[in-house]
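Next up: just one chain, as structure tokens, the form predicted alone.
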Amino acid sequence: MTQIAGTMIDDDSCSLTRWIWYGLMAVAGIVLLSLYSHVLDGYEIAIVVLTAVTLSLLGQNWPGFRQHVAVVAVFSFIALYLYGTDLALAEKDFLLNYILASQSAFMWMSALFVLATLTYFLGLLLRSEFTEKVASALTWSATTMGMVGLMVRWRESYLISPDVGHIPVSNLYEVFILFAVITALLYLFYERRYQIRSLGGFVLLVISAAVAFQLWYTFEKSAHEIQPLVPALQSYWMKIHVPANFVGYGAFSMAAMIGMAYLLMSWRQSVAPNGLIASRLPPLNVMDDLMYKAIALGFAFFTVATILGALWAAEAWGGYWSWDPKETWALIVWLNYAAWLHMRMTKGWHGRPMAWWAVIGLFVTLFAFLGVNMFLSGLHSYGTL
């Protein structure tokens, strides 16, 4: 009887927490709309409502995400309060200069992601669940600092000038940070869902690579400097097209890194079935399922992003499709993962061939994401190196 009563209390507590969360998201959305409705058009109001609903659904059964959103909100509001209307305070105020200014937050994010990657692998080598939990905490911290940096950078762009102000997803520097944050959140979601931390080092390798590129881009090209948007990017479509795209990119990247772990596990099982890798990584069927779910999620978002991109193109350039290099390679990425899912769902393909395909798919996606900007030119030439 006591056990049943305890379970009922836990269920009631979870239900109450969810309703509190729903209420907070509703209040946040209402406050934003009441404060800024005079400068928002109908599409942007719809984006605010959709964001509030999405955050509500993501946080209803995910305590870590609720805490993440709460900390991001608190840190962002502190930064906005400290800034006031003077961007120069970023170099004078201690908290802004060393922690909360966008560039400072991104440096913390970078260091924490690299440290989390090393800690995940250390936990794997030491067979230490505690070390892996520390790595998860570091990943959450890095993700939080990255999101705080994006929120504060958004405000900083408006402090430069209202004409310069824009959502920070407009160039390679900003979207690499967005990629790192989204990929980490996707991994943390599946880490909690499957209660598996041993894949963290593999997934965070691709995030650390993105961080390394972002740091090089910062110091070599001064890419962190906020620039005005080119006319074609001054559109509400950017606020939904780019994030949807990067959910796809993040999911595809996570699937590729799990594919690498799958191939390593498959090889080690045949060579050393009782070794560290074979005993610590998840079973092959679990990794196979994770790859499938990640690619299915990424494909759904990438499809939506492609449709949104076509609608944006029609508004900006007068046509839905122009066979621009970026569009062509987006189609190649879409066809690649459509074929992957088709073979998995209709032919029952799984295992090593699909893991290899997922890994190769990462390089196809990487070229569509970065290579087109480096080697090809076209209507999408906004993020060149």
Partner chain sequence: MSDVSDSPIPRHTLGQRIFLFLGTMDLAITLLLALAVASIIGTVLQQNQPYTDYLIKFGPFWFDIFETAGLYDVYSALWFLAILTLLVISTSVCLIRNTPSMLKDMWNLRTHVQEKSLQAMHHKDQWSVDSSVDEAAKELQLELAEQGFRVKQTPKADGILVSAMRGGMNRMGYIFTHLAIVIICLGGLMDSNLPLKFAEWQGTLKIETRDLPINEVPAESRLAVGDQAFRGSIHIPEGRSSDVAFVAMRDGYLIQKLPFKLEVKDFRIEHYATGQPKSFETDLLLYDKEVAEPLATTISVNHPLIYKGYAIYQASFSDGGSELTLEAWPLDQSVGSSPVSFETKVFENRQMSWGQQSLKLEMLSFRPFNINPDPTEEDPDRLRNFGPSFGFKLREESGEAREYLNYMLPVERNGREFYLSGVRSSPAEDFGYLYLPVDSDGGLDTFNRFLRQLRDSELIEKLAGEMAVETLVSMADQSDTLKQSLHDSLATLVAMFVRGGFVEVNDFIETALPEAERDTLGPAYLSMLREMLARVYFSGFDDDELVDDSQLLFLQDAVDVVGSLSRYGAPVFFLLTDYVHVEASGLQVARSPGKPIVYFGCALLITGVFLLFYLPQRRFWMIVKNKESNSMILLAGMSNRNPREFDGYFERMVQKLRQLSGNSKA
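Everything numeric in this text was worked out from a predicted model, so none of it was measured. Residue numbers count along the first chain shown, from 1.
What follows is about the form predicted in complex with the partner chain, which we do not show.
Choose one stretch from 324 to 332, 26 to 34, 60 to 68, 47 to 55: the one whose residues place a heavy atom within 4.5 angstroms of the partner chain in the predicted bound form.
That would be 324 to 332.
So which of 86, 91, 163, 129 reaches within 4.5 angstroms of the partner chain in the predicted bound form, heavy atom to heavy atom?
Going through each option in turn, the one that passes is 163.
Can you work out which of 280, 192, 239, 293 has a heavy atom no more than 4.5 Å from the partner chain in the predicted bound form?
Partner contact (heavy atom, 4.5 Å) among the options: 293.
Can residue 42 be called a contact residue for the partner chain in the predicted bound form at 4.5 Å between heavy atoms?
Residue 42: no contact with the partner chain in the predicted bound form.
Taking the partner chain as it sits in the predicted bound form, is residue 297 near enough to touch it, meaning that at least one heavy atom pair lies within 4.5 angstroms?
Yes, contact at 4.5 Å.
Does residue 274 reach the partner chain in the predicted bound form if we count a contact as any heavy atom within 4.5 Å?
Residue-level check for residue 274: no, no contact with the partner chain.
Consider residue 80 of the chain shown here, and say whether it contacts the partner chain in the predicted bound form, taking contact as heavy atoms within 4.5 Å.
So residue 80 does not count as contacting the partner chain.
Quick one: which residues from 339 to 359 get a non-hydrogen atom within 4.5 Å of the partner chain in the predicted bound form?
Contacts from 339 to 359: 339, 341, 342, 343, 345, 346, 347, 357.
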